[in-house]
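Okay, here we've got a single chain as structure tokens, the form predicted on its own, with questions on binding and movement later.
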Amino acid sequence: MAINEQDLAGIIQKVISELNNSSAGGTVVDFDGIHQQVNDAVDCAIKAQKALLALPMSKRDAIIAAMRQTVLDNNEMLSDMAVEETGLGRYDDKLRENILCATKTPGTEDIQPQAKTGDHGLMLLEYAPVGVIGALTPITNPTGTVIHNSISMIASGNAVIFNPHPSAIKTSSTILRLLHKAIVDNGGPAGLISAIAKPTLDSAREIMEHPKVNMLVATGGKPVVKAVLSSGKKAIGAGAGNPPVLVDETAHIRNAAECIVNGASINNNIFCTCEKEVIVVEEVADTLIKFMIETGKAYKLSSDEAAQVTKVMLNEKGKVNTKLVGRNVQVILEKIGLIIGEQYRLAIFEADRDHPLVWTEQMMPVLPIVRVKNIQEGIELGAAVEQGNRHTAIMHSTNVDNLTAFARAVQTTIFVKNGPAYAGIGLGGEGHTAFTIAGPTGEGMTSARTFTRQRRCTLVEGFRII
């Protein structure tokens, strides 16, 4: 008996409905995307991923559209929750982060097949899913990372199990439940995205070692990236960065000042892409600092104040004081008895090239400024302080040769010219966004295509009609 497309769609939807009414063990539950055990999460994800592939691509597009809208509808609540739970970032910037991820993360358009015809037939290249992905997410961006990864991984036909940072579990679980509901309410399978209820190092290790998890994605510092790269599985690592911003004598200095203040202070500097230190040619250094102060958002520290602040930001071993990461500049400066107005978003100070904050990804709205004699010295120092992370670098210049020289020297995944660093992730800049920026493993700004494997089909016979 022939089955038409409408009947087939009905059968698929019935199977998904039955799947959505049962857990991995077969017991009827009101499942919301949160699992107690890794094994249950994996078993459910395998079933959900197979069910997703049985759906037409138009249904996958509808699911992703619903996910985007869910983020926008709940943005205020999610942004407030993220700041409240983690103590990191700023509410207004979290709003911008979530909108960015919901609207500028590519969907299925990123995995369109490619075809090539010629004298020897036809070659079809398609981007196939890898299966079940295990994703480790950071405390710094508990909403943005989950939104971006969920959309990207589902668009490419995968299921994903998140092991969120324990200090952001409330926020991460909330956004996951909302996205899970959006998926199921729009005809998608339950368990397509999920999280571990009580994420720990042990649960992360269990996900990494599980034989049915096909790919690992780690967004965070060097230890977590090292862990997934040592797993023996296909792994994507988005690690640390220490982005320098270089300003030469040809730059539009007032624009550079505005961009640097805005870029270094967004979300209190917790983005890995944020400007972490300024390197400026001596000839224009005074003007740059003057214009930064004139923005009304940058407070200049004296040398004594800068020394005191450094001591509270870093311990005796040079490690970052995690209690101050992502906090408002007022909170940090209060630690040394300095009270400044609420209009300030950033503290700046002059430093020598060996200052520890120049070489540390501190993720706080405190920005060292280093003078150099000329552009050659600036390029050398900028490449050195980036420390081979290959993450992000920024330059303000109207000299194409200088811009090219620095880009070639620093070799970063993102290189921003004459704008704030966040333009490089699509906020006020062209291109898609990503909150998993894979410098260590080379995928760069991740998207749906990142989480696929290529499959080629070759037809060796006459095919063309011309």
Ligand code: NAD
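What you see is a predicted model; the values in this text were computed from it and never measured. A residue's number is simply how far along the shown sequence it sits, counting from 1.
Omitted here: the form predicted together with this ligand. The next part is about that form.
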- Item | Contact label in the predicted bound form: G326 to this ligand, heavy atom within 4.5 Å | no
- Message: Quick check on E361: any heavy atom within 4.5 Å of this ligand in the predicted bound form?
- Response: yes
- Item | Contact test in the predicted bound form: Y422 vs this ligand, heavy atoms, 4.5 Å | no
- Query: Though only this chain appears here, would F406 touch this ligand in the predicted bound form if you measure heavy atom gaps against 4.5 Å?
  - Reply: no
- Contacting member of I266, A256, A238, A159, with respect to this ligand in the predicted bound form [4.5 Å, heavy atom]: A238
- Interface check vs this ligand in the predicted bound form: of H165, R371, K94, R345, the one with a heavy atom inside 4.5 Å is H165
- Query: Is this ligand close enough to A45, Q49 and P129 in the predicted bound form that each of the three has a heavy atom within 4.5 Å of it?
  - Reply: no
- Thinking of this ligand in the predicted bound form, which stretch from 104-112, 301-309, 350-358, 220-228 has heavy atoms inside 4.5 Å of it? 220-228
- Query: In sequence order, which positions of 129-165 have a non-hydrogen atom within 4.5 Å of this ligand in the predicted bound form?
  - Reply: L136, T137, P138, I139, T140, N141, N163, P164, H165
